[in-house]
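Only one chain is included here, represented as structure tokens and corresponding to the form predicted on its own.
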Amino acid sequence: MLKANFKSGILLFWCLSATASHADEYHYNNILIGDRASGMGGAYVAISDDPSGLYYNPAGIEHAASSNLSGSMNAFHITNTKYHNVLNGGDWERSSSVLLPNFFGVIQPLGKGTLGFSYAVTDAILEDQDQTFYDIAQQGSKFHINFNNQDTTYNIGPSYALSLFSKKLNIGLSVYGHYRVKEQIFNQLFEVYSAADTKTLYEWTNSYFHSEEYGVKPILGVMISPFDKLSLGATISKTILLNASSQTIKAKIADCSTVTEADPNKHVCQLTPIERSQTSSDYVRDLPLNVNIGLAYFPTPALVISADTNIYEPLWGQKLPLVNASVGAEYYVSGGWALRSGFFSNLANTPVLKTTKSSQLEKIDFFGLSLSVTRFTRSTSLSFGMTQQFGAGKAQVVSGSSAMQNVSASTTTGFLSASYSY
């Protein structure tokens, strides 16, 4: 009975490590880019008149107020995800915190247009945690998890924009190099003790995953200003992967029986042969086409209101595209201060889970709020702000099981940015 409980418990958790995945490619707005755009909830396609416009809509940089403008942004990004009632009423909690140089950009007039260059970290996860579950297979059992997960996506490249018809119509193109690196290490130690048999069974398993992918991401943008107080913008983009590689290694490190003999301080442990598997893949993902449409209204010189709709080609066999939306506002107060706020969605691109299936991708939909304040001088600006996202959804963290877990999640990003124009 002890051996049966031990094996069933190990199987359950081995499958847990193989299927639970943190939010990354399942969402498109994990980290907003740029200080002004972040403060306005990412509703920036129809504005984009500073270096962050290189990412949101390169056509907008033709409206930059200065002949040379550079900006940098550093962000502290925290995520927390809780899978409720995973086993025996216990919750599996995962958290990540990372400080990163989120964005840098520079723009400079060149010829009849404007040249730019920018660097953006569009997603970053750094998890390193321990957790213990008790009384899983039977009373007194323990299951220890040690998990490390790193996943970062980088975009870097040049941009160029031109104006037509006295800046009533602008066009622009950014060509980003795309690089993503992901590494996961999952250690598990399962322990079952039987007082009757004076035996403790242990099993230590380990899984390792590493992947890298390279590609290009062109962003073609257009901006139209039909009236002085109205601006319309649109972009079309797609990340095209050129190369990818991944490696997965799984091993059962030890399966041993510790027997308490007449001398309680003496133990015998016999190791079974290591069970190891290794797989490699050069599979290249097909990432979705993305169309963004934005509108900005300037009712007064001190106020701007903007709204964006972000449309993504469907994945995972879905028929309908995924649509995110954002709205934002910016208000200039006296004394060289500006306040910004916004609301945005960050919906999952995965299908709704069905009770008749197992091993399905998790679906967690997020909604976010943003707020920032900026202090201006004649040639500099300093911004501080934060975004807060709240999410809820469903997941299946045990492979082969149709049981679903409720999931709650939150993401907090604080950012500090400085820019200089001359």
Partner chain sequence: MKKTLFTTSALLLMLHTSATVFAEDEDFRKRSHHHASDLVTESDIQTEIKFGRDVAARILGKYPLSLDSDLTRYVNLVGKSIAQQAGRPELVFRFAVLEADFVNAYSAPGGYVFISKGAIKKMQDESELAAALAHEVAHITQRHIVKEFKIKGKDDSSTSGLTKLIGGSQDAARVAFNQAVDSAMKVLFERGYKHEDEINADQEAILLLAASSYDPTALQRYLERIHKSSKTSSHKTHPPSTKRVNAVATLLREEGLDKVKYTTAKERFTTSVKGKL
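Note that the coordinates shown come from a computational prediction; the quantities given were computed from them, not determined experimentally. Residue numbers count along the first chain shown, from 1.
Not pictured, yet referred to below: the form predicted together with its partner chain.
Comment: 378 to 386 is the region of 349 to 357, 362 to 370, 378 to 386, 27 to 35 lying near its partner chain in the predicted complex, near meaning a non-hydrogen atom within 4.5 Å. Put simply, Tyr134 is far from its partner chain in the predicted complex: not one heavy atom of it is within 4.5 Å.
Interface membership of Phe227, defined by any non-hydrogen atom within 4.5 Å of its partner chain in the predicted complex, is confirmed. Residue contact with its partner chain in the predicted complex: Ala43 places no heavy atom within 4.5 Å of it. When contacts are judged by a 4.5 Å heavy atom cut-off, Thr300 counts as touching its partner chain in the predicted complex. Contact with its partner chain in the predicted complex holds for all three of Leu169, Val222 and Pro321, each having a heavy atom within 4.5 Å. Contact annotation: of the candidates Val175, Ile78, Val291, Ile145, the single residue with a non-hydrogen atom within 4.5 angstroms of its partner chain in the predicted complex is Val291. Residue-level contacts in the predicted complex: of Ala244, Val181, Ala329, Ile236, one residue has a heavy atom within 4.5 Å of its partner chain, and it is Ile236.
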